[in-house]
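As a starting point, one isolated chain is supplied in structure tokens, in the form predicted on its own.
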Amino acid sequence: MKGLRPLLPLLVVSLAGFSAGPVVAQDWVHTGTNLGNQTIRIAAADFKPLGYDAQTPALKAVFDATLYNDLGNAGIFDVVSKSLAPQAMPGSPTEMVASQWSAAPSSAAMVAFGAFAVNGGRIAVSGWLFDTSNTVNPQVLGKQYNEAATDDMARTIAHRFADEIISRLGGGVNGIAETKIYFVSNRTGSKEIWAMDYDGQNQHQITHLGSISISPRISPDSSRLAFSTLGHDGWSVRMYSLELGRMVGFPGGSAGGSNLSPAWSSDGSKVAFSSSRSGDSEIWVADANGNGPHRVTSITGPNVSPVWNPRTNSQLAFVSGRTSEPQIYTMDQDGSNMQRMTDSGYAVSPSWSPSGALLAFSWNRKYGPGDPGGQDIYVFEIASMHWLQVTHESGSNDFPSWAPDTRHIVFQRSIGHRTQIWTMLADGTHQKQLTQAGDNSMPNWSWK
């Protein structure tokens, strides 16, 4: 057990080399993450203001900026810079002159545009998407929205319109502009569970337990949040209802020992977690209400960080220290058909892609005495055993979590003594820091 000692502190909060290496150009990554198609050059015109309500300028500015950023974050567009776009603000299809936008320097293949008004405390938005090359029937999309006149709703309308565009032009894969990211933050003095919009906006505290809460996992229907908390009797898996705004029972998560790292099945019927109630940390499964907990592993050495294959709900990936240093394994949900996925280094924090074809995880390939190596995020295709390193020794990178579009990954990065939440495209490009205040860690992307 000597080699496990560096792992033991990590087990409280978290818890290689493969037979095949990366392939040239990583075509499998692009195919598996919907990033393989040529990007579409798109312009987002500032929406035309209508009426004279005093709230219109400020709320329209929020809407315009959010729509532009959402399209830029999608990973499938080459968004025309505002400095290259025409100054025109077409407010309806009859006002759109497509040739202005298709010509250089804009050279846009698609244009999003529309009208924005505030009337009687309500925002009214009409939005269109035009194909500039189609002179006969250029309209690709037309939508109308009417919501309360607040900054939050201006952002929400922009998110909804952006997601409509992304779904229409991105092969039917839904956009992520309305998704949430849950994470751990110590900015109030104790480690609590927080939430934010996918782009880092609207950061707000969820729990107020005054202890150490870690490993948040949102349910598939976004109604409940599972996480682990350190209490008088040790670590327990707890449950918070976002609908009720309070803690709810989860009896199977507090039956002795350390209970950590909960994970939902994609149908919302089961929660897997690690527990040491029977000795070593093993993988356990209970139903969604915490009833019927049962052990599915029985192996010497700690077994932690289970995650379900969201495509089948019949397979789990997890971390085991049975061979000294932690490695990643998969198994059927009853503990059978166990397969080792990594065979060297220090591999932790698996996250299964929505398609079930890919695993993201944190891996220090050079881990060992006298060689500190680097902890980076890798993406691994299970069928081919190919892997791709997607961060490159910029700090210590851990806890990846897939977005529901399979195009994006959120993760934590520690540089010096600070840890923050970052996002990137699944091939490692377009990395962006989301948090600034305090230390922020262990992110989990919502299912929708």
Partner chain sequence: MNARNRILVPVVLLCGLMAVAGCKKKEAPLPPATVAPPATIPAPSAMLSATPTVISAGDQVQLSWRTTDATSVSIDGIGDVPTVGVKTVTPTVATTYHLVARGEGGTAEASATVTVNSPPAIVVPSNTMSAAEEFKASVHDIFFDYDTDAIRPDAQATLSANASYLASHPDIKIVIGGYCDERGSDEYNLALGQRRADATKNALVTAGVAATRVRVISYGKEKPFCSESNEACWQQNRRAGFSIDQ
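All values derive from a computational prediction rather than experimental measurement. Residue numbers count along the first chain shown, from 1.
From this point on, the text means the form predicted together with its partner chain, which you will not see here.
Site residues R238, S305 and D398 are all in contact with its partner chain in the predicted complex, judged by any heavy atom within 4.5 Å. The partner is not drawn, yet in the predicted complex one stretch among 93-101, 157-165, 209-217, 308-316 has residues with heavy atoms inside 4.5 Å of its partner chain: 209-217. Looking at Q203, you'd find every heavy atom of it more than 4.5 angstroms from its partner chain in the predicted complex. Although the partner is absent here, Y346 lies within 4.5 Å of its partner chain in the predicted complex, judged by heavy atoms. Although the partner is absent here, G231 is a contact residue: one of its heavy atoms lies within 4.5 angstroms of its partner chain in the predicted complex. In the predicted complex, none of the heavy atoms of S133 sits within 4.5 Å of a heavy atom of its partner chain.
Distance criterion of 4.5 Å from any heavy atom to its partner chain in the predicted complex singles out T300 from the list N337, N291, N146, T300.
With the partner omitted from this view, the residue of P86, P354, G257, P138 that lies near its partner chain in the predicted complex is G257 [heavy atom within 4.5 Å]. For the stretch 429-448, the set of residues having any non-hydrogen atom within 4.5 angstroms of its partner chain in the predicted complex comprises only M442.
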